[in-house]
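This document starts with one chain, in the form predicted on its own, laid out as structure tokens.
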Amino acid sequence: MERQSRFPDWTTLYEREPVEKMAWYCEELDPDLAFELNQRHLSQGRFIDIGTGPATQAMELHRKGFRVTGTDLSKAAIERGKKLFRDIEFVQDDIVNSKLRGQWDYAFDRGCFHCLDPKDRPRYVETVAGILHPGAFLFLKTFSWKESDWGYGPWRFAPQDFEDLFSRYFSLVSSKETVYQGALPKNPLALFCTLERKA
């Protein structure tokens, strides 16, 4: 049975808190994403970073040679990204009620999906399917169902959840148990999934 998660006010969080102290802050490119890109020999194309937050992932993807768009609900996060990384496109956007136009080759979500209200998940899947062309990849990192329930924070997922939630538009290519790197004393258990947009 799913519980009611509690989250901060994303629209103002980045106005009040230093990003380096946020639990999900990771300065390097997410290691699981880096491994997947290397395995697939991917180094160019259009990449969208959904829920870019501190923008470190967008920056590292840009450094690897991708054309990157970072999106976030928080205006402060987007303004910060624009100020720090002028070669990256940053767009304030609510992925559940998105105004994004165009199609990308790849999408990375490191912490947005697992913070959504369950009722918003189908809308998310439809939106992301709409902004990725057929054959494009969605790289998705969430907390794992094996991580203990703290009574707050991100929802937990098992691989079958992604089969059930995404199967209309995506094929689940792979999923692996890993950890969620960040600023917490211990990295929480996570799932890293690669999904391919169906034709």
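Source: prediction; values computed, not measured. Residue indices: 1-based, along the sequence shown.
What comes next is about the form predicted together with a small molecule, which does not appear here.
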So which of 47 to 55, 166 to 174, 31 to 39, 131 to 139 is the stretch with heavy atoms within 4.5 Å of the small molecule in the model of the complex? 47 to 55
A76, heavy atom within 4.5 angstroms of the small molecule in the model of the complex: no
Can you work out whether V125 and the small molecule are in contact in the model of the complex, taking contact to mean some heavy atom pair no more than 4.5 Å apart? no
Would D94 sit within 4.5 Å of the small molecule in the model of the complex, counting heavy atoms only? yes
Taking heavy atoms and a 4.5 Å cut-off, does I88 contact the small molecule in the model of the complex? no
